[in-house]
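One chain comes next, on its own, written as structure tokens: the form predicted on its own.
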Amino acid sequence: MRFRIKYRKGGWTVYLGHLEMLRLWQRAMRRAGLPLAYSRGFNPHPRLSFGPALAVGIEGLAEYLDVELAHPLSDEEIKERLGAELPVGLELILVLSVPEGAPALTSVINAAAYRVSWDEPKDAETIRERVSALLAAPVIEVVRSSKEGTGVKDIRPGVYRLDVLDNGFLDMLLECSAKGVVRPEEVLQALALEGTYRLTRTGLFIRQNGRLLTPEEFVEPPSPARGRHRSAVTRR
């Protein structure tokens, strides 16, 4: 049986990489006595799957992982037992069961929200002017390095929304899917906003037909009749 876990990553845990987080969660689940389901083969491992990885040093207010258990437990029991074993910095927000056959997190999440704040506050009107000019541009080219080398990438299609708050903070909604990712640092580079800033990932979403669904809202299994995932909202 699969369960979806929503949690907050803050404090010292923001400096843990993905593999360190994987080991941390595995240990916490074992200490909590959860009946983990394991993969088959010569090297079985617990069936855990995370949402899009969060870069080291960035706080996450709404991160996700799915875990499979060999025996069913109630959402409340998992939250109580697991929450007691998490270190300071990780906060369990929600646990809910996921129907058999529901799509994996990485196959449905396609947008990430970020908030940017600067150590030295910036004038909101100045940021608005730069944001308006950037969003009016048909192409936003940035230099991106990868394993294949360094090249120029047009990130404009993946910049979904930029909102400037009155206090000078900047909210972003950017592409974050298996097909492509726009990094918030790239948007800041394109905006030519200098200074020391703090990044927080405030949410992960399924962006569909003009709506934003959270992963806890998007939990229905695929529809065999249509041969593809069917979007739906299941609120708890």
Partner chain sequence: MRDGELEKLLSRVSRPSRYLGTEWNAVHKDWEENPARMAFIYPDLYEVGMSHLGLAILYGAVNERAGMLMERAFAPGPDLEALLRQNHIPLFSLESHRPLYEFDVLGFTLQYEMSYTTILNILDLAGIPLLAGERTAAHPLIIGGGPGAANPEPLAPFFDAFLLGDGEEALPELLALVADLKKKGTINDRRRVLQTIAGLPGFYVPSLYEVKYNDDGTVAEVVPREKGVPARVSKRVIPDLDTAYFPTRPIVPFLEVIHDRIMLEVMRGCTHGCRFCQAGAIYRPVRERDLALLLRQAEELVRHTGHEEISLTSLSTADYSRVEELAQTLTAAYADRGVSISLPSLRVDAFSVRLAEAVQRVRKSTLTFAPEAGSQRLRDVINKGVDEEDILTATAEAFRAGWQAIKLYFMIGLPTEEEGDLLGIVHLARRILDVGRKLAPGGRPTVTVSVSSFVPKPWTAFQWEPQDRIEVIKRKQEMLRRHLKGPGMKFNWHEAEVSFIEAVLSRGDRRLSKAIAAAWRRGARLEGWTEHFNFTLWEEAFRETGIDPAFYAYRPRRDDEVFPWDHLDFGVSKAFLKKERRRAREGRVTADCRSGRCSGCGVCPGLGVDLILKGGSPGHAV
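Numbering follows the first chain given and starts at 1. Because the structure is predicted, anything quoted here is derived from the model rather than measured.
Beyond what is shown, the protein has a form predicted together with the partner chain; the following relates to that form.
Student: Should R211 be counted as a contact of the partner chain in the predicted bound form, where contact means heavy atoms within 4.5 Å?
Tutor: It does not: once the partner chain is placed as it appears in the predicted bound form, R211 has no heavy atom within 4.5 Å of it.
Student: Looking at the partner-bound form in the predicted bound form, is L16 within 4.5 Å of the partner chain by any heavy atom?
Tutor: Answer yes; at least one heavy atom of L16 falls within 4.5 Å of the partner chain in the predicted bound form.
Student: Taking 4.5 angstroms as the cut-off for heavy atoms, does V56 touch the partner chain in the predicted bound form?
Tutor: Because a heavy atom of V56 falls inside 4.5 Å of the partner chain in the predicted bound form, the answer is yes.
Student: Is P72 a contact residue for the partner chain in the predicted bound form, using a 4.5 Å heavy atom cut-off?
Tutor: No - in the predicted bound form, heavy atoms of P72 and the partner chain never come within 4.5 Å of each other.
Student: If contact means a heavy atom within 4.5 Å, which one of 106 to 114, 144 to 152, 125 to 133, 77 to 85 is the stretch that engages the partner chain in the predicted bound form?
Tutor: Of the stretches listed, the one contacting the partner is 77 to 85.
Student: May I ask you to list the residues of 8 to 27 that have any heavy atom within 4.5 angstroms of the partner chain in the predicted bound form, in sequence order?
Tutor: In sequence order, W12, Y15, L16, E20, R23, L24, Q26, R27 come within 4.5 Å of the partner.
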